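The chain below stands alone and is given in structure tokens; this is the form predicted alone.
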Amino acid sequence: METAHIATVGASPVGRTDLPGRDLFSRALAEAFEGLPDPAAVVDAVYVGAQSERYENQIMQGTLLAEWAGLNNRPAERVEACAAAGALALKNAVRDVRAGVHDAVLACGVEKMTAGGTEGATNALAAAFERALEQRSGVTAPSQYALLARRYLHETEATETDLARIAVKNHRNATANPRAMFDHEVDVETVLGSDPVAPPLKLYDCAPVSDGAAAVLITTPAAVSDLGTESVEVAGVGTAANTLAVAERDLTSVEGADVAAGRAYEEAGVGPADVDVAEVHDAFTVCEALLAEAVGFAPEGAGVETVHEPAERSAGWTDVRVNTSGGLKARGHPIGATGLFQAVEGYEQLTGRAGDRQVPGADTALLVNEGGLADAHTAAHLLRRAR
């Protein structure tokens, strides 16, 4: 089986923009291929992560973005698993290269969430919940994650202040990320005093509605050599689908993430203690804590300690740095592209391109991208500096 490598990456800035999604994709593609041959001379196939057609009233995004990149008549498909869409595009690209189906596959993600306004985004995201009972009851993403947060605070010693510190840490990290939506720090008092969204979650506990696109080129080692770029190996991949209905799950167990990350670890031949940097799906601050525990970085109830330096954490914690990009919370969450923004950060950290947010000596990165409520669908990728 071939090994699959990330050969180059690119991304648009994240934020609110008048540009349509295809123009955001063009910015990501131009950055990825700066100084390289034209994509038409390199790319064999395209996968596009896009959460919903409701924002821009656009389906067939695979065809659209392939056309926009000058890649006519290549295989081009849209994939979807709500907010895990970008990671599924990455997974499919890795699978094709490993299997020898293609030598170079473009995994990209795009979302123009602001096109439909707040109501449009709320409705699009609500479609990720079970239809017969939950959607018809008027559930929203914040209301369901508030259930997770309230249960987590009840069953652990964590407090709302602990969750607020996660937002503070991720805003601080985002100030060193030139692509991030938010370029300012916040303090705990600001987070705790922000408007309630769904108690105990407040405005600053929640990732923003965002626009953005990211592109990641997956190739064989031989193709990397031809391009002359520095690469990162995708050493492990794991996915898992849990229940869609909230009523069918344990609200403090992120079992799907545990399973997906475990598969990625096993395939790569590493464990949680080997991971130097991680991008986890902090759509809400409580998610960062839950995922830190689910993937084996932290003991149960101690996930909120992502904010501390490794030496200051409880016994049982690893030395991993979490969400150096600012995470979904502060980098932003253009939902279909989020999994690929995570891959961009992982690539830049492992190739020493992360600037002021660089983790010294980073060799291994874990990416965890979720769709639906928490782990309704989870994709995990283990990246390793190419040897």
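All residue numbers are counted from 1 along the displayed sequence. Computed from a predicted model, the values in this text were never measured in an experiment.
Separately, the form predicted in complex with a small molecule exists; it is not shown, and the next lines address it.
Out of 322, 48, 335, 343, which one falls within 4.5 Å of the small molecule in the predicted bound form, going by heavy atoms? The option sitting close enough to the partner is 335.
I need to confirm a contact call. Of 104, 76, 207, 148, which residue comes within 4.5 Å of the small molecule in the predicted bound form, counting heavy atoms only? Checking each option against the small molecule in the predicted bound form, the one that comes within 4.5 Å is 207.
Using the partner position in the predicted bound form, report whether residue 137 sits within 4.5 Å of the small molecule, counting heavy atoms only. No, residue 137 sits far enough from the small molecule in the predicted bound form that none of its heavy atoms falls within 4.5 Å.
When the contact criterion is heavy atoms within 4.5 Å, does residue 314 count as touching the small molecule in the predicted bound form? Result no; residue 314 lies far from the small molecule in the predicted bound form.
Can any non-hydrogen atom of residue 118 be found within 4.5 angstroms of the small molecule in the predicted bound form? Although the small molecule is absent here, residue 118 would touch it in the predicted bound form, with heavy atoms inside 4.5 Å.
Hey, in the predicted bound form, is residue 238 touching the small molecule, heavy atoms inside 4.5 Å? Residue 238 lies outside the contact set for the small molecule.
Quick one: find which of 242 to 250, 276 to 284, 225 to 233, 262 to 270 has residues within 4.5 Å of the small molecule in the predicted bound form by heavy atom distance. In the other structure, the partner sits against 276 to 284.
Looking at the small molecule in the predicted bound form, is some heavy atom of each of 152, 168 and 308 within 4.5 Å of it? So, no: the whole triplet misses the small molecule.
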